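Starting off, we have a lone chain in the form predicted alone, written out as structure tokens.
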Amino acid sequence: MWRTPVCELLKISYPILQGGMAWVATGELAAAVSAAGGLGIIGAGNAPPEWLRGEIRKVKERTDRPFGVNLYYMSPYIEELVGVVVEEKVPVVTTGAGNPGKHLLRLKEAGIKVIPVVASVALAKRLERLGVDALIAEGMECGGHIGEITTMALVPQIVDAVSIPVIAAGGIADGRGVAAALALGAQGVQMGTRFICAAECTVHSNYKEAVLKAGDRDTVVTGARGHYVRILRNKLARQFEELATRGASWEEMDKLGAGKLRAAAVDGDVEYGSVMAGQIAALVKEIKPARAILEEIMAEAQEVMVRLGKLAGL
């Protein structure tokens, strides 16, 4: 089995990170992915600090392998959440929706690897100068909050702009995506939507079924510029479309979206809830254990690499 520098950096067997999806990526899923050789990540989202502490301890009870926490910088609890990951000695932190610069020294002094999610070259270069360990270059094909550049275009530009490891995300669901990301210069991948349908994922069964039923054109981008969110098309999506048609403000959009992810992920409301999923949802065909998902992806990636080698006469 081949390894990349990201495997060495994070002390994992496979160069695959599981996305830190709020209300979806709990301790159970993170533990299963980490135990199977990837990097499982708890999504802190807007949850309170004691909830996060409990999820971290779930992981520690289930595996001694490295894992991570995704910190959402628009959370009202961000200061307390940083304190929790430091106190609990979390090995890896990924960050989104903001600049982790003000906490970087504290996190690094605690021995935590810091890997921000970025959607532009400018932000990638700025964060490299601050001293982050790696970057997740996330294209607009992903589920949830998105940028404006595709993975295919974004990843090689960020790879060329920085000297630290780059992890590709957005529109990756199988071994073909892993091989493609490596060809673009990435040293690993992050997958979110694929792991929604892991057996260990505790998200509501309605949410999983919605992903399994999705077709290639079933995601839609909602919200306002700078706050775009990709979800599966449903009645909530139509409400967003109606607001956009009449030129609603960002505040109105934000009010409509408040609490909708929890409604879908926890309560199972897949009509008026925000069923966040990436454009590759249609590639997810069944529910299976995280270990089986990882092994299948890596086996397929190996097959692709061998086939490409033969094409090149190697």
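Computed from a predicted model, the values in this text were never measured in an experiment. Residue numbers run from 1 along the displayed sequence.
One more form of this protein should be noted, the form predicted in complex with a small molecule, which is absent from this view; the next part is about it.
- This chain is drawn without the small molecule; in the model of the complex, the residue among V90, L81, A237, V117 with a heavy atom within 4.5 Å of it is V117.
- Checked against the small molecule in the model of the complex, the candidates R233, K113, H145, K208 yield a single residue with a heavy atom inside 4.5 Å, and that residue is H145.
- A residue is said to contact a partner when one of its heavy atoms sits within 4.5 Å of a partner heavy atom; G98 meets this definition for the small molecule in the model of the complex.
- Shown alone here, R126 lies within 4.5 Å of the small molecule in the model of the complex, counting heavy atoms only.
- Contact annotation: V162 falls outside 4.5 Å of the small molecule in the model of the complex, judged by heavy atom distances.
- In the model of the complex, the small molecule sits beyond 4.5 Å of every heavy atom of Y77.
- You can rule out all but one of 191-199, 137-145, 103-111, 177-185: in the model of the complex, only 137-145 has residues with a heavy atom within 4.5 Å of the small molecule.
- The putative spot formed by I16, A35 and L294 is not touched by the small molecule in the model of the complex; no residue has a non-hydrogen atom within 4.5 angstroms of it.
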